[in-house]
Structure formats: C-alpha cells, structure tokens
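In structure tokens, the next block holds one chain alone, the form predicted alone.
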C-alpha cells in the first residue's frame, strides 16, 4: 500500500485543519483534494478490516469495514465531490469547514462498529451541519437552525440513553442487528427515526433545509438522512413496522408539496417521499428489498442533489425561489433548465433514468412478499412525486408564465457539478449494473422487462394527463405567496401561542401582586408619617409630668394583671 491506511473520516478532518489556516486558491485545491484522497484511502481498506480499542472496560470498534459501510462510504465521497465542486465559488470559511467536518462525521458514523463511536459522530454531524443553515445569516435561518439543532440533540440524547440501556440489557455495544425488544432498542430506533424524518418527526427537514445556504442545502440533502437509512438497514432490517411507517412517508408529503410555494421546500417534502421507499425496503428485509433500499439511497443523493443544485442556481442568480415569483427562465437559463429536467425525469423514475432501476426493486420486493396494499401506496406515491417534483418544479421555475426575470446560467463550477450528477443519473439508468455491482447482496435483478417498463410508462402518462387536466380546469392549487406549516404548527403556532398566553397571565398576575404590595406599603408609610410628621402625636414634645403619668398607668396595669394571676 502506497498510502497509510486511515479511518475514512480522517482525510476530511486533516484537510479541514489545513483549510482553517489557509487562504486564497490553496483552499480550493485543498477542498477538491479531500474527497479524492478520501476515496483513495477507502479503496485501500480491505473488507473485514476491524479496529478494536478498550476504553474503561468497554470494547469499542471505531472502524469496521464491510460491504454495507463501504457502499455508503463511496456514496458519501461521491456526494462530497460534486457538492464541493458546486460550492467552489463560495468564499466563506464557516461553510467550507462545516462541509468538511460534516462529511467526516457522516463517514465516521457509517464505519463505526459500536454504538458509542456512532453516538460521537452522530453528535458531530448535528453540530457541524447546523452551521450550513446559520451561514445564510438571516433571522429566519438563525431561528430555523435552532429548531433544527434541537431535533438533532434530542436524537443524540435518545441514542445515548438507548445505548446505555442496550449495554445493560445485552452487555455489548456492538452496532449490529437488534430486534425491537427492550427499552434500549426502541430508543435507538426512535433516534434513527428522527434523523430519517419519520412522520411527525420530520419538520426539522422541511424547516431547516430550505433556510440553509445555496450550497449548504445540497450537502444537507446528501448525508444526515442517508446515515439514518444506513442505521436502520444495519440494525433493524425486516422490522415490519418500518413497512407501514415508510408507506406513510411516501404518501403524506405529496399533499404538502403540491400546495407549497417555496420550491426548495417542495424538494424537502419530496426527499421525505423518497426516504419512504427506502424505509419500506428495509422493513421488508429481503435481499432484493435491502438492495433496493440502499440503491435508492444512492440514486436519491444524485437526483435530489441535482434538483437542489438547480433550484440553488435559480436562487443564486435571481434571488427568488417561490414558484409564484418565477417562470419563463428557460429563455435565459437553458443549461440549468435542461439539467433540472434530467433530475425531474430521474426522480419520477422514467425508464433509462436512475430512479427507475432502484425504485422498481422496492416495489417488486413488496409484491413478492404479498404486500399488495403497500405496493398500491407506493404506486400512488410514484404518481405524486411525478406531480410535485417531476412537473411542478421545472414547470413553475422555468416555464409557466413569464415572470420577466432575465437572468443567466450560474457559474461554471455550479454547472459542472450539475453535469456530473446528471451524467451519473443517466449512466446508472442505462447501465444499472454500474450500481448493482456495489450493492451489499448479490443481485440478478433486471429492471428492464416489458411489464415494468409498460407499467411505469402508463403511470407517468396518466399522471401527466391528470396534471394537464387539472391545470386546464383551473383545479390545480395555485402558487400563493404563503408559509405553510404541517406538524410544526404544534410548536410554532399552538405551543407558541399557549406559551405567550401563559406568559401574559403570569406577567399580569405579577403586576397585580406588585400593585397590591405597593398600595399596602404606601398606606403603611402614610400611617407612619401621620404620627411622626411635624405635629403628629408621636412627634410632639411631652412634659416630664405626662411621662410620669404614663409610667404610673403602665405600672398600675402591670400590678392589676399580676393580682388577677395573668
């Protein structure tokens, strides 16, 4: 070996250290070197490699290399490469360091062999990624980042407490398959569920990602949720509850995405929809389903990254991202339009695009295992994602009415990153074995048979006709300048209003008590002043005779009381 073998996260952390002390073009060189050095280092690591250390009687495995972790390792290196290319024009040291440390943490998490090491990288991901939101430096992004961080910290706490319980229950910290039995396993399951955006635990994603920087959103879409998918695939494959959770995840975001005006938020809902397919595959748990789940994670990083990059380019060049303010950009941003259409076709699972070769694996696995209703839900979700991501995004951004905005395509580095992602979407769609040979299980699956292609083509045609009919009839929800909340309404509106109401009540009660106290104090002071003011009874000069009289009266009273025995 001509390079020293390092844990996959180390090259990124070392480069981050050098970037911190560097300036100018050297930073660009270092940023590009990080994923290339990391990929070479990963290529050297042999399958089955295991590092073990003992810490206070705890057996830890900070490095474990197997096919599943290697698959996600290559995915994260690829994602970091095109994300860094996309962000090469950014001259913000905060974002540069955050993206390097975020990538390092994601790699550390997927190569951790024990739960304690996983927790350390889990928290490192949370702390580094939030700066990609705060780096936008707006009041909205600051508030959104705080909410995002709160969710991530809760996830970390659940993982830590679950780890402690799991260690007490099993006497081991090895991160491997665990059935959903015992407090520890359930807490770890919910920790993964938060990062995987389970229903009602997903609002950090739809809130945080659209408020991040242009390039930060692309990084965020690639790592956090995919680490959670890896965790579920490692620890809970075949857990049936995941099938139903995943089915809900595929369907409910469709309704919010259709009415959403912020196009990056539409993509955030679409991301949850695609995560649902992965969760369903993990829940089914067969080799075909697990291969489909991780293959779809790989493809999602490509086509979702491409769509986030194209919308980031629109935001970068026009300063606007709401569908109600855009339209007609194909005239002046033709390259971005074309690349966005490739991403839209890929996420919609058109034949010859990468979404088709992985999504069909999960749906076939559902049918093979007799989950017919789940298959129907996935079919509905496929039509829905074509509506909101395959049609709505390019239609309202680049076509629809002419907004009058005359911008131009983004800088060359941003276009190059999008071209890389688009080329991979097509390459995997045309030659699926490029992806299948990397999967954790042997795969003989053939996506291009007549029934699959015909069924998917019919579905897409039907969905396109439905969109056209709804538009012609004026029934499609218009793009309105509004802020839509879903489950986050509970804490951003309901709990906030309850807190405001309670605060006002406490404040009013406090004011009332203070007023009563002050009034009584004033009365007391007035009484004191009444007797001590000049001329008051206690302020008058007394004669010696009067004083002697009062003393005699007091002595008489005292004798009287003694006489009667009191």
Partner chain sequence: MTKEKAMPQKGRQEEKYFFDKPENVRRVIHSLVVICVLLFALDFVLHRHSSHPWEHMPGFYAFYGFIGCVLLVIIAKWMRMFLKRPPDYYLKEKQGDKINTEQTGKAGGKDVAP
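Source: prediction; values computed, not measured. Positions refer to the first chain, counted from 1. Throughout, rigid core stands for the largest set of C-alpha atoms superposing within 1.5 Å between the two forms.
Another form exists, predicted in complex with its partner chain; not displayed. Remarks below refer to it.
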{"item": "Residue (of 345, 79, 205, 220) lying close to its partner chain in the predicted bound form, criterion heavy atoms within 4.5 Å", "value": "345"}
{"item": "Sole residue of 180, 127, 464, 438 within 4.5 Å of its partner chain in the predicted bound form, by heavy atom", "value": "464"}
{"item": "Site check 315, 390 and 500: each within 4.5 Å of its partner chain in the predicted bound form by heavy atom", "value": "yes"}
{"item": "Any non-hydrogen atom of residue 136 within 4.5 angstroms of its partner chain in the predicted bound form", "value": "yes"}
{"item": "Touches its partner chain in the predicted bound form: residue 431 (any heavy atom, 4.5 Å)", "value": "no"}
{"item": "Its partner chain contact at residue 291 in the predicted bound form, heavy atom, 4.5 Å", "value": "no"}
{"item": "Distance check, residue 172 to its partner chain in the predicted bound form, heavy atom within 4.5 Å", "value": "no"}
{"item": "Proximity to its partner chain in the predicted bound form (heavy atom, within 4.5 Å), stretch among 230-238, 102-110, 444-452, 181-189", "value": "444-452"}
{"item": "Contacts with its partner chain in the predicted bound form - residues in 243-267 whose heavy atoms fall within 4.5 Å", "value": "254, 255, 256, 258, 259, 262"}
{"item": "Threshold 2 Å Cα movement between this form and the one not shown at residue 54, rigid core reference", "value": "no"}
